[in-house]
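Before any questions on binding or motion, here is one chain by itself as structure tokens, the form predicted alone.
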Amino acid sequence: MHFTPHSESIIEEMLKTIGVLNFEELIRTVPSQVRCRENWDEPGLKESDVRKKYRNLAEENEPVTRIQSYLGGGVYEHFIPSVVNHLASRPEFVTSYTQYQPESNQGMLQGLFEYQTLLCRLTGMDVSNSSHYDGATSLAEAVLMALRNKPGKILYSKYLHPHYTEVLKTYLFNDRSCLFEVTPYEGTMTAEAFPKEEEISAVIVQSPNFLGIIEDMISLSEWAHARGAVLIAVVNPVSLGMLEAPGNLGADMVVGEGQPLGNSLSFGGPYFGFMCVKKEWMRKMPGRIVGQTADKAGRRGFVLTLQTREQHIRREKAVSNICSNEALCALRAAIYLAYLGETGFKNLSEECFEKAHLLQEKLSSIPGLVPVYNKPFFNEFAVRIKHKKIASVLSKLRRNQIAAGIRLNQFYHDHANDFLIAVTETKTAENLDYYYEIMKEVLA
């Protein structure tokens, strides 16, 4: 990297201040394979050449418009109506980052208030904040709420999303002893596997869980409440178009990843996490909450309220030190839900359910391919290849323009030949037939 003499002296002084000898020592922890190897001392490219160069790089990606993707695991391909992009990209929304001045942000505040209302209706809860960074972050914040209320064990299933588990362990780095992983029985959580004679702070129930199986939330919430613990539900919001709202099943907090609600796959982000709670948790909930009020003239208005973040109160009293959220992604969710309406959202959920079950039924008829668990599921299910190497099978499907699913051995050593398949409304009957025919041919 080339610096001018003046900038070199400044940089040397900065490096000296932080205790490193040179720029290379500063970035020594960055893996060599991800470092830029271009020679920046060469003359710069023209704008047209830069565009061509990066267009060629972008074309090496294979978006879901080119292949049939059955990848899921918490992030799903859904059709996004054009109205979502059109409204969410309006300048007054895009530029409205933080709504500290309600007099100049009423449009965005109203949009977020409506988002909160829609999420409460969807989850059956009393209060929603206006988003977190992602689903894993919202779960970690819910666990911190539970621990502040009552110290004790945090019970979670082996089939809680593995990335969520890792984020939990990071948040609780100094007190991981409170985390207790429950071994599922035939794919689901059961109270028989819970620790005896322990103080329990919270039970985390992901339903559908990472393998797509629907959990018995009622019995788990009854067990938790009998011991003075709370139930934290982690949900796929699209499943709530046909499954009972977790608030009606005994959940005290409901969290999850909001990407399926009008947000693109976007190579992994940005997404947003949602959090909804019962009323008694309202003042303990982190994040922004938009409230409805009235001005001096009696006109309806919206403001940020109950602000318990460290930007607004003494740091030691803050319920969270994350000062930001994903307001624009949450706004997209509000537009998406309002556009679909109750009937449209229910139809979407049922279509995902029906197509997933149709594909599972087709695949189960192929010799050498069996379900990992025969349990109720929503739109995602795990299958096992019995007599062939999974890497070879998935590779052959990939050559036929099918991203067949997520290999589970990267998360679980006892699922070496299993993979997870997700089906959404974007798949046609012809797509499902093609998947079935290619899989049957590969396994023949």
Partner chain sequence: MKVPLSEQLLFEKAASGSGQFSAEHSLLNREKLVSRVPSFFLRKNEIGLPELSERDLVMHYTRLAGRMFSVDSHFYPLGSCTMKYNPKISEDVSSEEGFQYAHPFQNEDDVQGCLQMMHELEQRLNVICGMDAFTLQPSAGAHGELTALLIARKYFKDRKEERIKVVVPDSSHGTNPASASLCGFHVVTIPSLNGEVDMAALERECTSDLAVFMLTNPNTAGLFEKNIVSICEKVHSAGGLTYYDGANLNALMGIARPGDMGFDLLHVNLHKTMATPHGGGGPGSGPVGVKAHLVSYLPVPFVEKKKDDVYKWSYKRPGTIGMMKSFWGNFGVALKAAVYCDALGFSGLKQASLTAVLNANYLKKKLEDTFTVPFNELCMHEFVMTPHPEKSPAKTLDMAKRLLDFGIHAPTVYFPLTVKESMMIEPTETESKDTLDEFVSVMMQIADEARNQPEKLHDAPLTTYRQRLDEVRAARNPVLKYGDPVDPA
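This structure is a prediction, so every number in the text was calculated from the model and none was measured. Whichever C-alpha set is largest while still superposing within 1.5 Å between the two forms counts as the rigid core. Numbering follows the first chain given and starts at 1.
In what follows, reference is made to the form predicted together with the partner chain, a form of this protein that is not presented.
Have a look at 191 to 199, 224 to 232, 365 to 373, 129 to 137 and name the one stretch with heavy atoms inside 4.5 Å of the partner chain in the predicted bound form. Contact-bearing stretch, as computed: 129 to 137.
Spell out, yes or no, whether the shortest heavy atom distance between Arg28 and the partner chain in the predicted bound form is within 4.5 Å. Within the cut-off, so yes.
Do Tyr434 and the partner chain come within 4.5 Å of each other in the predicted bound form, heavy atoms counted? Contact check for Tyr434: no, nothing within 4.5 Å of the partner chain in the predicted bound form.
Residue-level question: is Ile406 within 4.5 Å of the partner chain in the predicted bound form, judged on heavy atoms? Answer yes; at least one heavy atom of Ile406 falls within 4.5 Å of the partner chain in the predicted bound form.
4.5 Å heavy atom contact, Cys329 to the partner chain in the predicted bound form: Although the partner chain is absent here, Cys329 would touch it in the predicted bound form, with heavy atoms inside 4.5 Å.
Heavy atom within 4.5 Å of the partner chain in the predicted bound form - residue from Lys284, Lys150, His163, Lys278: Partner contact (heavy atom, 4.5 Å) among the options: His163.
Just give me the residues of 192 to 224, first to last, that have a heavy atom within 4.5 Å of the partner chain in the predicted bound form. Ile214, Glu215, Asp216, in sequence order.
Compare the position of the CA of Asn56 between this form and the one not shown after a rigid core fit and state whether the shift reaches 2 Å. Moves: yes, 2 Å or greater.
Taking the rigid core as the frame, does Glu13 move its C-alpha by 2 Å or more between this form and the one not shown? Comparing the forms between this form and the one not shown, which are aligned on their rigid core, Glu13 does shift its C-alpha by 2 Å or more.
If we fit on the core, is the Cα of Leu45 displaced 2 Å or more between this form and the one not shown? The answer is yes, as the C-alpha of Leu45 shifts between this form and the one not shown by 2 Å or more after core alignment.
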